Every structure is written in C-alpha cells, then in structure tokens.
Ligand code: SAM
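Before any questions on binding or motion, here is one chain by itself as structure tokens, the form predicted on its own.
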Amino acid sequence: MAREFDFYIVPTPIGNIQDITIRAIEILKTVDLIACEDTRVTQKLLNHYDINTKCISYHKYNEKERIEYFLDVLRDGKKIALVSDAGTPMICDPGAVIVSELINSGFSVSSLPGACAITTFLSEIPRDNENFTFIGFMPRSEKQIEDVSKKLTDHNFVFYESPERILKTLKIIQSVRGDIKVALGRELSKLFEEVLVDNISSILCHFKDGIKGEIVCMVYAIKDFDTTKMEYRIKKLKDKGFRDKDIAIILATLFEYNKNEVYKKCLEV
C-alpha cells in the first residue's frame, strides 16, 4: 500500500482519455478536493470515470488568493489533488506557488507519474544522446526567438507552441540557423497524431495549408558547433567592416581559435 500524502499532483491525459493510471483515478476519487485549471474541462474526465469529488478552480490568475483556502482545508485533515487541463501540473502549468507554500508549511506533497507531452514526444523521435533543454512556450517576439535560437545552437531544445504561431516561429529559426533539422509533433495521443522529423523547409512545405492541434517541437543541435559559431562571429565582424586579418587576430585572442584557421575560414565566408 502506498504512503498517504496531504497534497497530490496528478497527471491527466494529454488527448486520449484512456491515458490515465489506475492510481490516479483512485486518488481523484478519495481526496476531498480537486484543484483544477478549468472545472469544465476536468469535469468531463471525472464524469467519464465516475468520480464525484468536488472541484475548485486554480489557475495562474488566482494562484495566490487560493493559498490560504487550501491551507485551511489541509489543516482540517483533508486531502487535495491538483490537476491541469492536460498533462502533468507544473510543467508549463500552475502549481509552483501552492507547492512552495505547502512545503514551507510542513505539508507532504507527492507527484504521480503519468502523461506529459515532453516525454511522450521525446520517446518517439531519434536523438543522438539524452541531453536536451526544455524552454516551455517559445517567447513571442521575433527578437526573443532569434536570441533563443542563437543561444542554444549546441543544444537540442524543446518547446511548446500554438498552431497559430508555429510556422512563423520555424521561419524565424530558419532565418537564424539555416535549414536545420527539427522534429515536430502535433495532436499527440489523439486521432490525428502526427510526428515529423525533417529540415525546416520540408516541414513548412508539409504544412503549407496550415496546421492544427497542440504543438511540441525540438530543434536539433548543430553537431559541428565550433565551426558554425566561428562562422557566425566572422560574419558579425565582417558586417562591422573588419578586415580578414583583423578578424583572425580578434577571434584568436578572445576565443583561443587558431589564427590561421580563422583567417582561412574568413576567406571562405
């Protein structure tokens, strides 16, 4: 028998309503209160599994004002479960504020294993290693997207994006990094699930008529990162009017490149 806790973080299906664990159903049935992003969304899941536990809204706009209420419920010896609309709470969803307060107040917190778009996606695409950087939702401005793409050149980086923005986002990444390889998943676990691994231009062509569904995407790291970054720095200095010989000296001094290799690369760029 599993240990009992005061507060449970319970993953819910990301699409297919059957993707929920037996233990998650049991916890949702036996706790005294379920905190959820949207009570209407969660109620559909609860009705499907004949769960009659009371729900209360808990989202990013009322996180702080709910804290004292939840603490009072727990002080009365009752138990609470936290769910999001889909997937695992606190992964790009509310929860961090209340969990921090509960731990500081001495209440026990436990997270159940379960559905999560990141792990579902990563488990079905090819990768050379286990390293990746998850950045949550991609920033909205073009400059921020460019900065992320440049900063994480040597990382596989994973992000969420809306169907309305993903194609524009890929074009911005392409403008900075070239026609690199990406993996894109949409509607994971649902009827129209689709996962593509290809160059950005091919992805854009595939979805030239538009794209629908929840999106998770990974931009692959550039393997020959050192050469790529050297070329990027050379181009930046050339744009500023520096001569090839000066660029070789500057980059060799600042980044410990071989001066002759830099000069040779200057002639190619």
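When you see a residue number, it is the position in the sequence shown, counting from 1. Since we're looking at a predicted model, the values are computed, not measured.
The same protein has a further form, the form predicted together with S-adenosylmethionine (SAM), not shown here; the description that follows concerns it.
Engineer: Assess the spot marked by 116, 188 and 214: is S-adenosylmethionine (SAM) within 4.5 Å of a heavy atom from every one of these residues in the model of the complex?
Structural biologist: Per the other structure, all of 116, 188 and 214 touch S-adenosylmethionine (SAM).
Engineer: Between 73, 86, 122, 152, only one gets a heavy atom within 4.5 angstroms of S-adenosylmethionine (SAM) in the model of the complex; which residue is that?
Structural biologist: When S-adenosylmethionine (SAM) is considered in the model of the complex, the option within 4.5 Å is 86.
Engineer: Contact between residue 101 and S-adenosylmethionine (SAM) in the model of the complex at 4.5 Å, heavy atoms?
Structural biologist: Looking in the model of the complex, residue contacts with S-adenosylmethionine (SAM) do not include residue 101, since no heavy atom lies within 4.5 Å.
Engineer: Does residue 91 reach S-adenosylmethionine (SAM) in the model of the complex, with heavy atoms at most 4.5 Å apart?
Structural biologist: Judged by the heavy-atom cut-off of 4.5 Å, residue 91 is in contact with S-adenosylmethionine (SAM) in the model of the complex.
Engineer: According to a 4.5 angstroms non-hydrogen atom cut-off, is residue 14 in contact with S-adenosylmethionine (SAM) in the model of the complex?
Structural biologist: Looking in the model of the complex, residue contacts with S-adenosylmethionine (SAM) include residue 14, since a heavy atom lies within 4.5 Å.
Engineer: Closest heavy atom of residue 107 to S-adenosylmethionine (SAM) in the model of the complex, within 4.5 Å or not?
Structural biologist: Because no heavy atom of residue 107 falls inside 4.5 Å of S-adenosylmethionine (SAM) in the model of the complex, the answer is no.
Engineer: Thinking of S-adenosylmethionine (SAM) in the model of the complex, which stretch from 123-131, 170-178, 155-163, 139-147 has heavy atoms inside 4.5 Å of it?
Structural biologist: Contact criterion met by 155-163 only.
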